[in-house]
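Take a look at this single chain in structure tokens; it is the form predicted on its own.
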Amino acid sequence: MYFIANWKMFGDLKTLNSLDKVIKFLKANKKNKFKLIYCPPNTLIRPLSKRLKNTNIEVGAQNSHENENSGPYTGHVNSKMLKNVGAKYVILGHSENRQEGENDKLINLKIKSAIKAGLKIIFCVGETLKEKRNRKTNQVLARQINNGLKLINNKSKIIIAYEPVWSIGTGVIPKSEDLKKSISFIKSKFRKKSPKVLYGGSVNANNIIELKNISMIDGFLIGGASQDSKKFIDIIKKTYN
């Protein structure tokens, strides 16, 4: 079971002290085999990697540039640079970035570049509220997966995160039956072994009780709640209680 913390635009060096609670919790709960990954802003990847060096917690980035070489891209970093400072994963295709103009073709280039750099991918897919109301969820998911993973034969480094755009930051999660159908559809898109499929979108300590009962979910991509170590730990605890 994966628990991925997407800190978004949050955190400074002092914030890293809060991870001591998570490290302590992890040591006390070795029997539950869950995987923790923190994806902080780029400014914290190196210090966080150092802080977590002797733990099983891994570090990822929240996005990367598609160009694998250095170039005139002010304000951007590529996967090679992220890997160099300690990232092992990168979130790509997040709806917040899609809404700012990232399309399937660009995301595909980013995924290829990240794989080449040796990073594992957390590939986000999901429909908008309008697409859901028009019953186009499967059509949107199919397009995002087919185009985003075009000409990528080795899917072993890819984790899929199903994040309905209408759920992110709203406190509203899909009905269990709808979520089962969407996760099942995503897994059906892979002829061979399906990648791990996570759910993301307003995950918290209250709705995790409902979400954990959907057996085909392989973990969770957690935004706001992951910024508070106590809330993050509560989510993990309630997944196993």
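Predicted model only: the values in this text are computed from it and were never measured. Start at 1 with the first residue shown and count on from there.
Just so it is clear, the following notes concern the form predicted in complex with a small molecule, a form of the same protein that is not shown.
Answer for G223 alone: is it within 4.5 Å of the small molecule in the predicted complex, judged on heavy atom distances?
-> Yes, contact at 4.5 Å.
Applying a 4.5 Å heavy atom distance criterion, does E102 contact the small molecule in the predicted complex?
-> No - in the predicted complex, heavy atoms of E102 and the small molecule never come within 4.5 Å of each other.
Examine G201 and determine whether its closest non-hydrogen atom to the small molecule in the predicted complex is within 4.5 angstroms.
-> Flag for G201 set to yes.
Is there a non-hydrogen atom of E96 within 4.5 angstroms of a non-hydrogen atom of the small molecule in the predicted complex?
-> Residue-level check for E96: yes, a contact with the small molecule.
Let me know the one among I168, L149, L119, I158 whose heavy atoms come within 4.5 Å of the small molecule in the predicted complex, would you?
-> Checking each option against the small molecule in the predicted complex, the one that comes within 4.5 Å is I168.
Quick one: find which of 132 to 140, 159 to 167, 105 to 113, 71 to 79 has residues within 4.5 Å of the small molecule in the predicted complex by heavy atom distance.
-> Looking at the other structure, the answer is 159 to 167.
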